[in-house]
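Below you will find one chain, with nothing else, as structure tokens; this is the form predicted on its own, and questions on how it binds or moves follow later.
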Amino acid sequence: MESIFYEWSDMDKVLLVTGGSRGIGAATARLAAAKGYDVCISYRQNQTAADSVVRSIEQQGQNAIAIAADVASEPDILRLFSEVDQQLGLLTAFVNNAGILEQQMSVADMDVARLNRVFSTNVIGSFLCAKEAVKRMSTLRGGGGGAIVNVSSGAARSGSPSEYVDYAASKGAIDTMTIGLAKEVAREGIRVNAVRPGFIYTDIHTSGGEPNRVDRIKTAVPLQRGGQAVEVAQAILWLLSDKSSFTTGGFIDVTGGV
């Protein structure tokens, strides 16, 4: 059956992954390259890690660039998308992955500076990036359609009590944005979906002050283990592909059954 959405078989596939130098973002970028995408990754600080991802993509025969950009900064976001336009061409896929969390803490001990940092990156940054992606993909604005995948979290459902309620709340906002934006742009040839990773082995747990958090919690996971970044990436790539052409406003929980 022919998809009613724009087919990419007759054009270059161009993907932007924010926060693509490590973890889920890096795994997504590498897997996308294996599936024929040219890829831009953004990173905030770790240029060495970003350059390593770019080299691995180029070794697969695809074009790749890495752009330093803080998604909490609108000028950085505008520059990031402009670089994709100039260096890779028309954006066809976008993964809203960049996000932060801070030290494990109860809500009663959180200050406004922390809340501003978390919500500026995880919510406002994600909205602004989605806005720029839509402007390029929308068939009503001269684009060829495309797909957006937001990286939420299983924390949006659990709430992460006594650890990261602010992070969990920011991901709850991403869930709501996914649903609303999917309905808003469906007639413009754009599909919007989300993945909700669970306890995945990535460096983000170090930011929270507990690098071995997954090992501590994994016995509470029905599958009795933590997840790997590539397992989340596989779900993301399915949502980006034409294999999911009748899926929008949907979620894939990659949580091991939690």
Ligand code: NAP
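Everything numeric here is computed off the predicted structure, so don't read it as measured data. All residue numbers refer to positions in the sequence shown, first residue = 1.
Beyond the structure shown, there is the form predicted together with this ligand, which is absent from this document and is the topic of what follows.
Undergrad: Let me know the one among 212, 224, 46, 59 whose heavy atoms come within 4.5 Å of this ligand in the predicted bound form, would you?
TA: The residue in contact is 46.
Undergrad: Looking at 233, 69, 33, 54, which is the one with a non-hydrogen atom within 4.5 Å of this ligand in the predicted bound form?
TA: Contact with this ligand in the predicted bound form is made by 69 alone.
Undergrad: Using the partner position in the predicted bound form, report whether residue 202 sits within 4.5 Å of this ligand, counting heavy atoms only.
TA: Output for residue 202 is yes: heavy atoms within 4.5 Å of this ligand.
Undergrad: Please determine whether residue 15 contacts this ligand in the predicted bound form, using a 4.5 Å cut-off between heavy atoms.
TA: Taking the distances in the predicted bound form, the answer for residue 15 is no, it never comes within 4.5 Å of this ligand.
Undergrad: Is residue 121 a contact residue for this ligand in the predicted bound form, using a 4.5 Å heavy atom cut-off?
TA: Close contact exists here: in the predicted bound form, residue 121 approaches this ligand to within 4.5 Å, heavy atoms only.
Undergrad: Residue-level question: is residue 98 within 4.5 Å of this ligand in the predicted bound form, judged on heavy atoms?
TA: It does: once this ligand is placed as it appears in the predicted bound form, residue 98 has a heavy atom within 4.5 Å of it.
Undergrad: In the predicted bound form, which of 148 to 156, 184 to 192, 82 to 90, 108 to 116 comes within 4.5 Å of this ligand (heavy atoms)?
TA: Looking at the partner contacts, the answer comes out as 148 to 156.
Undergrad: What are the residues of 226 to 258, in order along the chain, with a heavy atom within 4.5 Å of this ligand in the predicted bound form?
TA: Nothing in this stretch is in contact.
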